[in-house]
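Just the one chain here, laid out as structure tokens, in the form predicted alone.
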Amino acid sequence: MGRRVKVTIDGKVFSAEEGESLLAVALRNGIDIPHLCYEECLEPYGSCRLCIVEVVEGFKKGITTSCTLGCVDGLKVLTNTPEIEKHRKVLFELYLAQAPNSEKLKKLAEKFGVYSTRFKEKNLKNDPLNGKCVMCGLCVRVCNDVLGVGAINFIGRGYRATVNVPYFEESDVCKGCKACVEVCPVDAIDYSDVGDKRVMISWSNTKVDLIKCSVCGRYFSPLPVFGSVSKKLSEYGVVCDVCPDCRKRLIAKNMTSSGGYNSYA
């Protein structure tokens, strides 16, 4: 635990850990600052710019991204000045043009008073992400930096840039773990479980084998993920080839009959 400092957001004083992201402090205390590229498990890098705040004391004065702003004692910021609202409006309009089909983005923009865009919407012809991607990079970063898989990356430049698997061909390294789906802030990534396969639709229909539950026979987890964790978990007596629903029932049944913990936990 680092040294505690006091920061002021919109006139209210909050306690924070020194160096902690100001955006994290704001969100923890119910202060609604819009953001697209921020994720707790990743280092902040301020690419979406939506989380801008105005520093008035304790740091270099001016407008900066709150996700990359480290807390120091005496830091004071404002989150909704006229200047910030003007910049955010333009940013939201640009994102609405970039991802015109994202309902989640539209709702976020409306929450901050933006209902349309003056900019030309992206041409959706042959767009693998169906006009929903805002190019925040979270899916790429979690796949590369956290999981170390590197199944997806940025492709192309400028207006034609997108995210996908290399050469838009089915990936032989994707684990089908859905980490990219979970971190996407605008629901741009589609997948479907079909029979014994998980189809990562957005990633050029990459197909990943699923493991079958040894109790009910339902396919429930990607085989590559199962293979990487089952050996380790088995050392602790955890049965891995059982789906979550069956595991709950087995735990309840075992604890009822034996009155204690069992290997299906």
Partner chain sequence: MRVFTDSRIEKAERELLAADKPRISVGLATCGISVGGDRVFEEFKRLIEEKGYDVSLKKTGCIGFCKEEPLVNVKLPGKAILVLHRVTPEDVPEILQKVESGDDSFNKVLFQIDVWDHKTVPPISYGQPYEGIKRWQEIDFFKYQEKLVLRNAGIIDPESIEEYLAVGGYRALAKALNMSPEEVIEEVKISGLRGRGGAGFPTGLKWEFTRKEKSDKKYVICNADEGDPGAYMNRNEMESDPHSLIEGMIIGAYAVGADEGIIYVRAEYPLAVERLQRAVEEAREWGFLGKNILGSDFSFDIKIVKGAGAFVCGEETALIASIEGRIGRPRPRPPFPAQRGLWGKPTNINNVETWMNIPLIILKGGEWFKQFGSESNSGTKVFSLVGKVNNVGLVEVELGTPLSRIVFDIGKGAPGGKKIKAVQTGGPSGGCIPEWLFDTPVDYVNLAKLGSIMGSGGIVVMDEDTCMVDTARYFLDFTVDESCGKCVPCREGLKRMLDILDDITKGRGKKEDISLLKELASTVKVTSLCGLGQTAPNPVITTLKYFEDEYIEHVVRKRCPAKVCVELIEYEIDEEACTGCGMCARRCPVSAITGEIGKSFSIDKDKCIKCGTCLDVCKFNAVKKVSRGLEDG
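Residue numbers count along the first chain shown, from 1. These numbers come from a predicted model, not from an experiment.
If you look for the form predicted in complex with its partner chain, you will not find it shown, but the lines that follow are about it.
Novice: Can you pick out, from His87, Lys104, Lys111, Lys178, the residue that has a heavy atom within 4.5 Å of its partner chain in the predicted complex?
Specialist: Only one option qualifies, and that one is His87.
Novice: Select from the listed residues Thr81, Asn130, Ser171, Gln98 the one whose heavy atoms reach within 4.5 Å of its partner chain in the predicted complex.
Specialist: Checking each option against its partner chain in the predicted complex, the one that comes within 4.5 Å is Gln98.
Novice: Which of these stretches, 46 to 54, 203 to 211, 217 to 225, 22 to 30, has heavy atoms within 4.5 Å of its partner chain in the predicted complex?
Specialist: Among the listed stretches, the partner-contacting one is 46 to 54.
Novice: Taking its partner chain as it sits in the predicted complex, is Val72 near enough to touch it, meaning that at least one heavy atom pair lies within 4.5 angstroms?
Specialist: No, Val72 is distant from the partner.
Novice: Give a yes/no on whether Tyr167 approaches its partner chain to within 4.5 Å in the predicted complex, heavy atoms considered.
Specialist: Tyr167 lies outside the contact set for its partner chain.
Novice: Quick check on Leu42: any heavy atom within 4.5 Å of its partner chain in the predicted complex?
Specialist: Heavy-atom contact with its partner chain at 4.5 Å: absent for Leu42.
Novice: How about Lys76: is it within 4.5 Å of its partner chain in the predicted complex, going by heavy atoms?
Specialist: So Lys76 does not count as contacting its partner chain.
Novice: Just to make sure I understand: among 125 to 154, which residues lie within 4.5 Å of its partner chain in the predicted complex, judging by heavy atoms?
Specialist: Going through 125 to 154 in order - heavy atoms within 4.5 Å of its partner chain in the predicted complex - the hits are Val134, Met135, Asn153, Phe154.
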